[in-house]
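One chain comes next, on its own, written as C-alpha cells: the form predicted on its own.
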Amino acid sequence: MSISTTFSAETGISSTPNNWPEWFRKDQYKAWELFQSLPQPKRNDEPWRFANLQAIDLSDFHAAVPVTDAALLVARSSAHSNLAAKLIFANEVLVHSDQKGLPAGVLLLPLEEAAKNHEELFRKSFMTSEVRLGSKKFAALHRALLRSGAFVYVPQGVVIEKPIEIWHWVQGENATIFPHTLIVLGEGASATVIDHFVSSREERSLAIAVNDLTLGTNAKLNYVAVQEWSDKTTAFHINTTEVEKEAVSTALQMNLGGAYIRGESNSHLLGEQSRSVMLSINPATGTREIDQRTFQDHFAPRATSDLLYHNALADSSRTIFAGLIKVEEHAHETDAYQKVRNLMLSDEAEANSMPGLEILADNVRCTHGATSGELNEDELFYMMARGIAPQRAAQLIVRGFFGTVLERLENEDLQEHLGSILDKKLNL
C-alpha cells in the first residue's frame, strides 16, 4: 500500500493502530486533507532554491510494517553506557523501554499515551508552530500518518544528570516511518536527550521526522540528533525549539548517513536572556545531498542565538544552507551569530550557502557568514613528515574540523561519546 492510498475517510489511517484519542485522529484527517491540498515544491520556490526536487518524489514508498527481529535491533541499540533511560522504536512501534534511572515525576512515554493521559500538556507543545521553511506539506503528512514517538516531560526544578536515549529504527525496502520526539522542560528543569535515527539494513527508505523542544523559564536542554540512515534513505528532519526567559537550548545535528537529507530548524527566542545554540556536523560523501534551512527568530530583548554548521564535502556530494536571523520589533540588545564553514575535499563537490539578516529593532549585534576552503597543505605536510599516511592525515584534519563544533557542548562526557561515534564514521 503506497503512502497516497494509506488514508481513507471511512476507516481513518489504516497503518495507524487505534490507540490514539478520537480528537487526535480527527486532527490527523485534517492534516491529510492539508497534505493533499498543498502543491509539491517547485524549482522557483525560494525555500527550495538549489534543492534536488527529484529526491523528494514519494510515489514508490509505502507504510512500514512491524519488524520481526525486534530483539536484534534492541541488542544493536547500545551507544552510551551510562544512561538515565532508553526508549527503542522499530518502524514506529515501541519495542523496548528502560526508565529505571529517571527521577520521580519525569514522564517518558509513547506519544499516543501522552495524548490520552496528559492531553493539555501534549496539545500545548505538539506541532504548534507554523512550518515556514518549505516542508509544510511533508509536516502535514507526518501528522496525518504518525503512529508513535517519544514524549519527554521534566517537571519544574528536576535535573536529570544522565542522558535519555531514544532510538528510531527503520526496516524494509521502500518503507516509510514518521519518527517524533516531543520534549517539554518545566521551569528550572534540565535534561540531555540523544535521538538516534538508524537503518537496520542498507535499504531504500523514507523518514519524515519531527521534534518539538519546549523550554520553560531557566530550563536547560542538550538535544542531539545522530542520523545514521542508510546511504539509500531520503529523510526530512523538521525541528521547532521554543526558549523562554533565561533558558538555554543547545541542539546538535550529526548527519552521518542518508542519500538526501532535508533539515529545517526553527529556533524561537521567546523570553529575555534566553539562549539558543544550533550546531551541525555534516560529513558528505559519494552523491549525498544535505539541504539545511534555519530560522533564528528573536522575539524578546537581550536574547542570544549562535549557529555553527560545519560541512566536509568529498566526492560529488552537495550541501545547501539557507539561514535567516530575524530580530523582531522590541527585541533590543539581541546577540545573534550564524557561521557556516565548508571544507572542500573534492573538486566535484558543491557547497551552496545563503545566510541572511532581517532586523526590526535597535541596538543589536548580528553577524553572519559562510566560508569555503580546502585542506591546509601545511598541516598535511607536517603530519606526513611524521610518518602519517596522506589519507589518514586528511581524516585527522577533518576530525579536528568537526571537533571544534563538539567543543561547543558544555558536557565533556557527551563530547567524548559523540566523538567516538564520529571517529567510527571517519574510520579513525
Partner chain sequence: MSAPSSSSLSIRDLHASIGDKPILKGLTLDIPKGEVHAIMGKNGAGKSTLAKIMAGHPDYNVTSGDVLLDGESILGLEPDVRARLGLFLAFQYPMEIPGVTIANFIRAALQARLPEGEELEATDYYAKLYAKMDALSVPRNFTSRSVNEGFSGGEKKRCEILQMAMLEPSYAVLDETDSGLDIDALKIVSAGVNALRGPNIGMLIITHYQRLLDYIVPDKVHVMSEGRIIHSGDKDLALKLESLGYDWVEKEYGESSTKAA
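Positions refer to the first chain, counted from 1. Remember, it's a predicted structure, so these values are computed and weren't measured experimentally.
Only in words, not in the display: the form predicted in complex with the partner chain, which the text now covers.
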| task | Would you check, heavy atoms only and a 4.5 Å threshold, whether residue 386 touches the partner chain in the predicted bound form? | result | yes
| Would residue 379 sit within 4.5 Å of the partner chain in the predicted bound form, counting heavy atoms only? | yes
| field | Touches the partner chain in the predicted bound form: residue 407 (any heavy atom, 4.5 Å) | value | yes
| query | Is residue 370 one of the residues lying within 4.5 Å of the partner chain in the predicted bound form, judged by heavy atom distances? | reply | no
| field | Option from 394 to 402, 362 to 370, 60 to 68, 30 to 38 whose residues, in the predicted bound form, bring a heavy atom within 4.5 Å of the partner chain | value | 394 to 402
